[in-house]
Ligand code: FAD
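Single chain ahead, by itself, as structure tokens, in the form predicted on its own.
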Amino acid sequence: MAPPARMLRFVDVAQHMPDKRKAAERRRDFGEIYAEFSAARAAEQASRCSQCGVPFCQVHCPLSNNIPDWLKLTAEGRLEEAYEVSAATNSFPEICGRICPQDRLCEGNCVIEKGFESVTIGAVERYITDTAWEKGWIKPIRPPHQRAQSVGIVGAGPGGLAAAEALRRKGYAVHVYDRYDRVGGLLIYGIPNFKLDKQIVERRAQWLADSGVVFHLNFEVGRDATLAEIRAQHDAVLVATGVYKARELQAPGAGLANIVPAMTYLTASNRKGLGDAVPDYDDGTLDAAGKHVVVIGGGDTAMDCVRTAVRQGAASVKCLYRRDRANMPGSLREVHHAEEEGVEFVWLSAPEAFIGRAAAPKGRRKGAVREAVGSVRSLRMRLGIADATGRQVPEPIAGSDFDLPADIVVKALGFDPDDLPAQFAAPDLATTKWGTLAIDRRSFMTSVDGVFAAGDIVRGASLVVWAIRDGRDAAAQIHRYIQAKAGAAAAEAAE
């Protein structure tokens, strides 16, 4: 089939996503659920773009991706050019094409969405970059000239990696420090394979290494070196650690065994999938096989947890959320996938207490045995008046309590920052009242000269695409800072 010769084909071409594996099949493994577009189908779907004068898809993309441009190039069969346009604003388009909640961002704001269904932007974005890798169009970075200065980046997650790419393109020596044993942060340990195959992340990490970025893994700032010591080694430092500390749930019985934070649960599953020895998984503690699982929360992390439990072979998986479907903070597309796979959503319900069971959990290691959770006592809720954010506040309904059986309870209630000044041995590092790092919003610099910060550690837990945007913007400000310092030094030397 030849590429379409014209655009605006939404009036005669229906929306079509890549083929999706049947729920019964995908429940049995952690493989990605969507197949690849064919060249003809990708071109056809791209041709549905209306090429509008004010592209709302671009306006609502945190990266301001030139979406209409690369859709038109795809429709015309000019894929290499389409990739160049896509990569100009996005460090990892093949990752965003897989994990971004497009239904809330670009696709959800497509001007043809009402009545004609939106263009399948995310699927085309993924197709373009996967094809670029397959064709060998993506080459390691070779800067026009190598600068004398170096930048240290703390955190090998999406924000840190985006900054590393941008700074390497400008010729800086870039060193990335991360406490984990693999590059990727949340992309590796927090997001399951069925949404993002780990080989996709590992391919990008290797590309950055081939481009000259130096990774220092199993390196923890505060343990292996203080922030001041890292700063002394580089002309500037970027802190892009993300936020991982789980928000706690204050309720009777919250200290029972087998009530675990979402990242603990997801990390164990992802590590197991990577072939690691994971004691808490191998002894059955974090393996949901044959168990009743209750996940508390309504965001994308909660969706990752419920869908992981399904694939582990749980006897039942329930998602407990205090608001209704319309007020879910996560992607409704993810909710739909979860329901297809057998997850039961218990809407307008919140935990009141956790009830223990008499028997110790099977397989617990010696010295770790304590009473385990057996059920979640919950209350029905109703939505009251709206708060300052415009969302209706859930209110408990008296006498509406009920119990849900639970062998594992996963808390997916969001994340808060660690105490970085204490952790990094950097008491001069200022924080906000929320515990995030305080920065100058224009320069991205913290209270410590030459130390910048970006991503979730500044804005709080957010989307990967926002971390990429922040990393790229911070890199631009770091470049400006270093060059200003170099210019001032040169002027002083000339006097």
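Don't overthink the numbering: it's just position in the shown sequence, from 1. Since we're looking at a predicted model, the values are computed, not measured.
The same protein also exists as the form predicted in complex with ligand FAD; that form is not shown, yet it is the one meant from here on.
- Of the residues given (R231, K245, K195, K291), K195 alone sits with a heavy atom within 4.5 Å of ligand FAD in the predicted bound form.
- The partner is absent here, but in the predicted bound form a heavy atom of L266, alone among A236, A372, L266, V201, sits within 4.5 Å of ligand FAD.
- Remark: of stretches 171-179, 394-402, 73-81, 131-139, the one touching ligand FAD in the predicted bound form is 171-179 (heavy atom within 4.5 Å).
- Using a 4.5 angstroms limit between non-hydrogen atoms, Y127 is distant from ligand FAD in the predicted bound form.
- Interface residue remark: A467 is counted as part of the site for ligand FAD in the predicted bound form, having a heavy atom within 4.5 Å.
- Contact annotation: F116 falls outside 4.5 Å of ligand FAD in the predicted bound form, judged by heavy atom distances.
- A residue is said to contact a partner when one of its heavy atoms sits within 4.5 Å of a partner heavy atom; F354 fails this definition for ligand FAD in the predicted bound form, lying far away.
- Heavy atoms closer than or equal to 4.5 Å to ligand FAD in the predicted bound form belong, across 207-238, to the residues F219, E220, V221, ordered by sequence position.
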